[in-house]
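Here's a solo chain for you in structure tokens, the form predicted on its own.
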């Protein structure tokens, strides 16, 4: 059995940022993840939006964290070497019901202290985004809305936590958690034994950041209180503009407010592509979580119809891929006739459930990525307090050096880096301009399959979706695993 101070279950955004913040203390941290890499659960699939904070009810923890996190996001991404942009957002309405929602969000934003928001007329909105369908009746502009690559952010938090001493154990699904009895006369928790199919860890604190499985993990030690009922969504990606194109057609993040909620969302991503979505699909309450993150034909057709309606001039022939997501919806449950019955009461605010040494991040929804670092800091501070290790780690380094991407360099910079590392001159993924040097570094940093390389470098995310580069990447991975067969 391995002894550690804190076990974190789950290596998504919340798990990785909690681990990173725990490393600010002199504390031993182990992160257990059932998949083979970070960011392979719900963190992997979302719009990548850094929200300004007008969507959240004033006075809630969610609203306070969102506004603070948005303000600090430039610094966070600078520390972690992550690409981040603030194109700003515009929420558009077509009709009185949508106008009412927009006015409400403007009022909430003002109460929450969101900077740079203003109401626009339909004429003003159409002047800002001329590709949008005519007939806008009102709009809400926010200058601070941003966008980031969720994979890049999660991987950066993971690498920084690991570089500061956090231990990550992959391919280890938690199968059991057992509470240990406290020593006689001691009022605090006696700790936990956390078991996987491979090993067991003895920890003073368990942080449950298991995403869609947070309810099941919690119920390994506690009686059921709430359950997560996933909701599915579909997304579409349009290719980056070709040389000579005037632009992406849409320059701001666009939220389309319908009379029954948000319709189409359009995101100009940090890599130059255009993201469309999400749809909103109900799943049966008893349907198991599907790790394929599949899309549905009806969902994609719905996206296409929304695009024709809201951005009629958008060229959907530039579609290069689609993907699906699962989003947690936590509801309180009760037991009736031996079965769990979902109540009408859902958990809307950020929920940190503390139960005698176990801290559960329960059903953290939008804006979960925005607040991941701020929420991780709160949980880390509390865990350190419980463990009794609040002395600061003077050696903690918040900075992480990213892989230098050839496509971001000027011709002069590219020539200079090739002179130092010739593999920067060997392009493997021509669609995304990814070189052998970048793929080599990704493998050196822990990427052990095609998916992991793709997320660290962008190789395979372009127009051909890896058909021309995956073989060479596979060869590099094989040579790393079996170096005696290399050339």
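Numbering follows the first chain given and starts at 1. Everything numeric in this text was worked out from a predicted model, so none of it was measured.
One more form of this protein exists, namely the form predicted in complex with a small molecule; it is left out here, but the text below deals with it.
Student: Taking 155, 160 and 410 as a possible spot, do all three reach the small molecule in the predicted complex with a heavy atom inside 4.5 Å?
Tutor: Answer is no for this spot.
Student: Which residue, 300, 174, 237, 102, has a heavy atom that falls within 4.5 Å of the small molecule in the predicted complex?
Tutor: Exactly one listed residue reaches within 4.5 Å, namely 174.
Student: Work out which of 384, 226, 98, 233 lies within 4.5 Å of the small molecule in the predicted complex, going by heavy atoms.
Tutor: None of the other options qualify; the answer is 233.
Student: Using a 4.5 angstroms cut-off on non-hydrogen atoms, would residue 33 count as touching the small molecule in the predicted complex?
Tutor: Yes, residue 33 lies within 4.5 Å of the small molecule in the predicted complex.
Student: Does the small molecule come within 4.5 Å of any heavy atom of residue 473 in the predicted complex?
Tutor: Contact with the small molecule, no.
Student: Under a 4.5 Å heavy atom criterion, is residue 54 part of the interface with the small molecule in the predicted complex?
Tutor: Residue-level check for residue 54: no, no contact with the small molecule.
Student: Taking the small molecule as it sits in the predicted complex, is residue 145 in contact with it (heavy atom to heavy atom, 4.5 Å or less)?
Tutor: Contact check for residue 145: no, nothing within 4.5 Å of the small molecule in the predicted complex.
Student: Using a 4.5 Å heavy atom cut-off, indicate which stretch of 202-210, 351-359, 123-131, 411-419 touches the small molecule in the predicted complex.
Tutor: Comparing against the small molecule in the predicted complex, the contact stretch is 202-210.
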